[in-house]
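Single chain ahead, by itself, as structure tokens, in the form predicted alone.
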């Protein structure tokens, strides 16, 4: 409701209850812009399930092969993208050899962009430090076939280079040659990794999912089927917090931390507006108004 000349003479409680909604939109906009303008950084507490993923990767010896399954699509890029970037930066920082693939039909281009951009930050060489396999359909069959040999479903990488001609893949054949699998995505593909990779071939598995999907996997985490869980933008911000010195060294903005700062400011604003609105309502009610 817009303020009129008559409303300016109303008691404070009445004016708060009839505030022009455009002021609310302005406040929300300011709450979203201020963290960018002044580079405000709020502390992000790291949870045990995220720390376990970080610790597992951090303890691996340089040169250890690891599989990163970037099974997300544009719909979840806002959450899964920062997760994937933080994980891959950690792997390259520790000089691990990374096999990157995707089982999302809409994710091949994003996974390639992920591999090329992050590898360029660390001067990693394709074929020696990392391999990008690309996308293949029928994810259940692909996950099972890797348990036998990568070459069954991936005779060549995304760039049509035969796997037998790639130096990094010389002694890598199946899950038994990998330290672990880290899957980013959720839904049926994640369930397939749990069933067909971990349960059948006993490969250590960690997952990174959206905030909405995260709660359903805590039972899986507690049962030991996965050794770690990164949930939503908050989980990505936790991982970036653990890598904060590395982000500063690279001069790169920690996107998840920045996103969480915006969320926190907007949430604080909403809480304050709710408190003010309720206080005005009860004052008006106490004065005998409707």
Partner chain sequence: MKRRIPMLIVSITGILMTIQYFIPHPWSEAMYNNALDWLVIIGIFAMPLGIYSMIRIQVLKIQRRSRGWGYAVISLISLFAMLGLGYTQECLESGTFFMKIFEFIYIPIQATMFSLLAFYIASAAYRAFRARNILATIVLAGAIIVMLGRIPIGEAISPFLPDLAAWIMTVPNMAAQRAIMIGLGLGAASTAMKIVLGIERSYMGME
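Residue numbers count along the first chain shown, from 1. Note that this is a predicted model, so its numbers are computed, not measured. Just so we're on the same page, rigid core means the largest C-alpha set that superposes within 1.5 Å between forms.
Here the subject shifts to the form predicted together with the partner chain, a form of this protein not shown in this document.
- Stretch-level contact analysis of 176-184, 149-157, 84-92, 163-171 against the partner chain in the predicted bound form, using heavy atoms and a 4.5 Å limit, identifies 149-157.
- Contact check for residue 277: a non-hydrogen atom falls within 4.5 Å of the partner chain in the predicted bound form.
- Within 4.5 Å of any heavy atom of the partner chain in the predicted bound form lies no heavy atom of residue 250.
- Contact between residue 142 and the partner chain in the predicted bound form is found at the 4.5 Å heavy atom cutoff.
- Heavy atoms of residue 119 never reach within 4.5 Å of the partner chain in the predicted bound form, leaving it off the interface.
- Residues from 92-111 that approach the partner chain in the predicted bound form with a non-hydrogen atom closer than or equal to 4.5 Å are 105, 106, 109, 110, in the order they occur in the chain.
- In a rigid-core overlay of the protein, residue 253 has its C-alpha displaced by under 2 Å between this form and the one not shown.
- Relative to the superposed core, residue 51 shifts its CA atom by less than 2 Å between this form and the one not shown.
- With the core held fixed between this form and the one not shown, residue 31 has its Cα displaced by at least 2 Å.
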